[in-house]
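Here's a solo chain for you in structure tokens, the form predicted alone.
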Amino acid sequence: MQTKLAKLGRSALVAFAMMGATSVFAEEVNLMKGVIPREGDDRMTTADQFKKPGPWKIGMSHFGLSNTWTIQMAHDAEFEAKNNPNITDFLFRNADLNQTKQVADIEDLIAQGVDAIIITPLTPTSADAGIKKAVAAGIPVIVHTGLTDTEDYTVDIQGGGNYFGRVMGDFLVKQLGGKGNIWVLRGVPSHPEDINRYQGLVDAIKGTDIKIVSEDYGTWEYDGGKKLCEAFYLSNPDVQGIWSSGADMARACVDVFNQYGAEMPPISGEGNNGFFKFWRDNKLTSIAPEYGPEQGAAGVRAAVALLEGKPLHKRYVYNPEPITAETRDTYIREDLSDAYWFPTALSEEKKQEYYGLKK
């Protein structure tokens, strides 16, 4: 099905999305600023395909509340659901980084008779069987924050992991002049987002003289990142750049270099309040690809749109421009904790409740 949007071209789509435009034709849905239909894929649901009168029961299978970002993404989803009067039940399931539990969680949500299911897969295959079973039962499935091996889902909303990793890799290539040693701090083993971000780095440094001298998984956590950076530094401190797949790990690396009184090399970051303060206060050379926890809210919005009978594209992409030193300070919130991420759908009241320093 060819839509007016599909005919516009990528640059126009990006412009509309970055302006927060809700529509260039009647049924277009604004899922999240910066989210646009994936270029080259015109598949869509049909109008009224999943339309159902409220009240609705919506389920969410989350791969695991393993760090501050995943917790806020869950908060964003819950906040969006709570503020929709047609959603009377929001059944949240935490797989706790356990593939077997995610399988069981999805089975449970299907058994509970939910009207739609939102899934953030732990691995490319952990949710496949559940997705197929839900869709076969007529339940629309929205996937985000992790790719799947199956395309049986109803709607897919993905922050481009490859793009994210490549932005950071291109930054290091430029800073290092195409040569030098780098450390690589990866996320959760086998997680689709980690795999894709890493591939973006590989693509960026291909053909250069940049060498990965130390690489391991820090599970996107501060403690995990600190252990890695301490081990890397003690093993081989000759490093000219650091590619970190997450802001908490990057912040931990800064602490390690400060601890040893060493000069901090260029390091990639992410849209996190704590990291941005570190970036500013330590005069770091950095860049921050955007990967907002508002994706949790976008998943709920997609579920609502389907249940309202609105057509959606099968695949959406979220590749916003990275945040640079020139724009960094406009995001910093001195009144909120280091655990706060952006962009977010949370109200100011909720931001203060979860992250306010004056409690």
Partner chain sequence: MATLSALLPPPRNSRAGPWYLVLACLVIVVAVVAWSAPLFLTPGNLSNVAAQVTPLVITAIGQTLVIITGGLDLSVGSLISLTTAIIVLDLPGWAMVLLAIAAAVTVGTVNGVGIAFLNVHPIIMTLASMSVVQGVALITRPVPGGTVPGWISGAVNGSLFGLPAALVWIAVAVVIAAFLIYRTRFGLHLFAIGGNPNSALMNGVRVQRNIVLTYILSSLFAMGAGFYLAGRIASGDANVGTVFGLDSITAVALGGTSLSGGVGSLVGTVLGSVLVGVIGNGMNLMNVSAFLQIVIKGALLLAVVSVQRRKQIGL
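The model shown is predicted, which means the values in this text are computed figures rather than measured ones. Here, rigid core means the biggest group of C-alpha atoms that superpose within 1.5 Å across both forms. Positions refer to the first chain, counted from 1.
Omitted here: the form predicted together with the partner chain. The next part is about that form.
Interface residue among 173, 87, 239, 195, judged by heavy atoms within 4.5 Å of the partner chain in the predicted complex: 195. When you look in the predicted complex, the only residue of 235, 259, 100, 83 with a non-hydrogen atom within 4.5 Å of the partner chain is 100.
The candidate stretches are 153-161, 136-144, 186-194, 278-286, and the one lying within 4.5 Å of the partner chain in the predicted complex by heavy atoms is 186-194. In the predicted complex, no heavy atom of residue 270 sits within 4.5 Å of the partner chain. In the predicted complex, residue 208 stays away from the partner chain, with no heavy atom inside 4.5 Å.
For the chain shown alone, residue 226 is not a contact residue for the partner chain in the predicted complex, no non-hydrogen atom being within 4.5 angstroms. At the 4.5 Å threshold, heavy atoms of residue 214 stay clear of the partner chain in the predicted complex, well away from it.
Residues of 296-332 placing a heavy atom within 4.5 Å of the partner chain in the predicted complex: none. Relative to the superposed rigid core, residue 84 undergoes a CA displacement smaller than 2 Å between this form and the one not shown. Superposition of the core reveals a Cα shift of 2 Å or more for residue 188 between this form and the one not shown.
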